[in-house]
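What follows is a single chain, given as structure tokens, in the form predicted on its own.
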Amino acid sequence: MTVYEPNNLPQELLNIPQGEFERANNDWRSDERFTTEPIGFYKDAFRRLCSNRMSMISMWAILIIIVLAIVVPNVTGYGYTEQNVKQKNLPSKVPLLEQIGIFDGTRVLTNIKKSSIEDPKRYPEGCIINVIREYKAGKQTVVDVKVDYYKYCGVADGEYHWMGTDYLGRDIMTRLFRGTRISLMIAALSVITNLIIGIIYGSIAGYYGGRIDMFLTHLAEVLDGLPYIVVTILFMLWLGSGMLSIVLALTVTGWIGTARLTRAQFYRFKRREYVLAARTLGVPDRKLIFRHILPNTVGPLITRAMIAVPGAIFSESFLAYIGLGIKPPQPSIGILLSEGQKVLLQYPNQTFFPALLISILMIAFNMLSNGLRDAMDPSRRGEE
């Protein structure tokens, strides 16, 4: 058998006719062409998120609440500080629903002298709907009556308070959505600040490693041990109660979780081949961090940010509930809950609506964050 060098092949071997060639395998098939368009990671994640029904419902619920927080305080016709003590503690009254006996502005008054219900000065004409119960209390005859509380308080016909009023006659719906706007702003500012600080801090610790990482990690552990309530009180004493104090209190240690996540992601990706190749070509550290490594951590960071939003809302509400919130008369969800729980048994509507709204927000953000976590899981890429 004659062996030829690749560069010294005889001329007769270079001029073999095409017909002399035949396939070595008759079952050879060409690769199938890709008939679908290429899908990137984020487009595939968005498609998976859209297929998650609960996440989409949660996202729409959050968007609706945000729109209501922007629009409602401007269209109710009442100011969030507007007081009318003659209309204090009114029950809920909603147009159309009042026709079927729901949120109709009625209330039951108990232990009323039977003789007094005929006094037009105390009970204007038409305010008493019916007598529920009549009984003796000593020598007096007392009754429980169902009244139209709006007429009883002298409210003009056609005036509605969908969620009632508080102890100063302020419209609860106006204050609730105004407070929701403030609570969402505090949550958004604190989460964005925590993300920025945590990403920068964790990137430096994870990228450089060694003594720098050890120092930054131990410093974060020390800060994480600071008592949250004590830090908040110190900011209140220094800056006074207000939005800035709450945001700073939520930021002092709130970035530590983000920094730890970012650090772990940098340890995972910084020795990958494409990073080593970029470093070999002389790419500076700043570009390596923010252009080559950090984009790979975006998915987990987005998920963590969405989880942090309900936590920030709850923290702000808790601070307002214990009296460390923003200055009155500015409302927030926590302030409304704090005021409503004092009269929970007498006027449950003042607690019910703020509690319902914060419950919807907490559940919606948690469901959406769960959907984002599943959608951005690389191991599930390509799943429907």
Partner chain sequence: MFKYVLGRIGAMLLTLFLVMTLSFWVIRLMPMTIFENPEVSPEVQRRLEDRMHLHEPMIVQYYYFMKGIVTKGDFGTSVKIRPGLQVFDIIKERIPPTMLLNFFSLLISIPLRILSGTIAALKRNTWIDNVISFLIVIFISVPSFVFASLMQYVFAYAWPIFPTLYNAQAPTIWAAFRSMLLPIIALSLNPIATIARYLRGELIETLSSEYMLLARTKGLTRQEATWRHAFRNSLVPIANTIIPLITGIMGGSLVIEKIFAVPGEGGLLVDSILGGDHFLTVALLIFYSMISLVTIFVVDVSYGIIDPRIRIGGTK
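Quantities reported herein were computed from a predicted structural model and do not represent experimental measurements. Numbering follows the first chain given and starts at 1. The term rigid core refers to the maximal set of C-alpha atoms that superpose within 1.5 Å between the two forms.
The same protein also has a form predicted in complex with its partner chain, omitted here; what follows describes it.
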Partner contact check in the model of the complex: of 309-317, 295-303, 186-194, 271-279, the stretch with a heavy atom within 4.5 Å of its partner chain is 309-317
Students should find that, of Val85, Val71, Leu237, Ala137, the residue having a non-hydrogen atom no more than 4.5 angstroms from its partner chain in the model of the complex is Leu237
From Ile117, Ile233, Ala264, Leu168: within 4.5 Å of its partner chain in the model of the complex by heavy atoms is Ile233
(request) Give a yes or no for Gly77: in the model of the complex, does one of its heavy atoms lie within 4.5 Å of a heavy atom belonging to its partner chain? (result) no
- Message: Is Leu345 part of the interface with its partner chain in the model of the complex - any heavy atom within 4.5 Å?
- Response: yes
| request: Answer yes if any heavy atom of Pro284 is within 4.5 Å of a heavy atom of its partner chain in the model of the complex; otherwise answer no. | output: no
Discussion item. Can you tell me whether Leu337 touches its partner chain? I mean in the model of the complex, with a 4.5 angstroms heavy atom cut-off.
Written reply: yes
In sequence order, the residues of 334-371 that place a heavy atom within 4.5 Å of its partner chain in the model of the complex are Leu337, Gln341, Leu344, Leu345, Pro348, Thr351, Ala355, Ile358, Ser359, Met362, Ile363, Asn366, Met367, Asn370
I want to check Leu226: does it shift between the shown form and the other one by 2 Å or more at the Cα, with the core superposed? yes
